[in-house]
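Take a look at this one chain, the form predicted alone, written out in structure tokens.
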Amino acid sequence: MSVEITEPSGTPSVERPAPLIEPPRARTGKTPKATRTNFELHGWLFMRLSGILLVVLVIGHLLIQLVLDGGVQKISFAFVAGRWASPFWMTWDLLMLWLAMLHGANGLRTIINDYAERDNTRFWLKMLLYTATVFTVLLGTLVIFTFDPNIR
């Protein structure tokens, strides 16, 4: 007794196997044989840990700002001035800024590494990313630490 299996057209079968898709990080002839650092492993760990910490910081921020402190209507220059008079809130906001920027930059770096095919394109995209990240972190840090509530 033989069983005949019919498959709809377009589905892989023994005679027509599915096309092989090369993984985006496959080693090529240009890939160095051995890497000396665990930079990608540390980047992967940073993404997981910073993601967990960011969830706590952002949910805490939203809970305090929107629920416990009276909502968006209450946010004004005086509210921010009062909030940033406390080193605790300055540290909270600074940590949120740094983690969000570094987490996002690391994720975008991974995407650039995966999808920018030419070395020159990959280099310039990452330089643009690093420049924007450093600029934003420095500017945000400067604003948080030099904020003057008595400005007129």
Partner chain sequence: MPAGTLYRGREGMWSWVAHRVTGVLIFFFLFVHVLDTALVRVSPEAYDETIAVYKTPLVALMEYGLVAAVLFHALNGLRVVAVDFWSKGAKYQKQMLYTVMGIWIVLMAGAFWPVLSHAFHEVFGS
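Note that this is a predicted model, so its numbers are computed, not measured. Residue numbers count along the first chain shown, from 1.
Separately, the form predicted in complex with its partner chain exists; it is not shown, and the next lines address it.
With a 4.5 Å cutoff on heavy atoms, Asp114 counts as touching its partner chain in the predicted complex. With a 4.5 Å cutoff on heavy atoms, His61 counts as touching its partner chain in the predicted complex. Using a 4.5 angstroms limit between non-hydrogen atoms, Arg118 is distant from its partner chain in the predicted complex. Contact annotation for Leu94: none of its heavy atoms lies within 4.5 Å of its partner chain in the predicted complex. Residues of 114-147 placing a heavy atom within 4.5 Å of its partner chain in the predicted complex, in sequence order: Asp114, Tyr115, Leu129, Ala132, Thr133, Phe135, Thr136, Leu139, Gly140, Val143, Thr146, Phe147.
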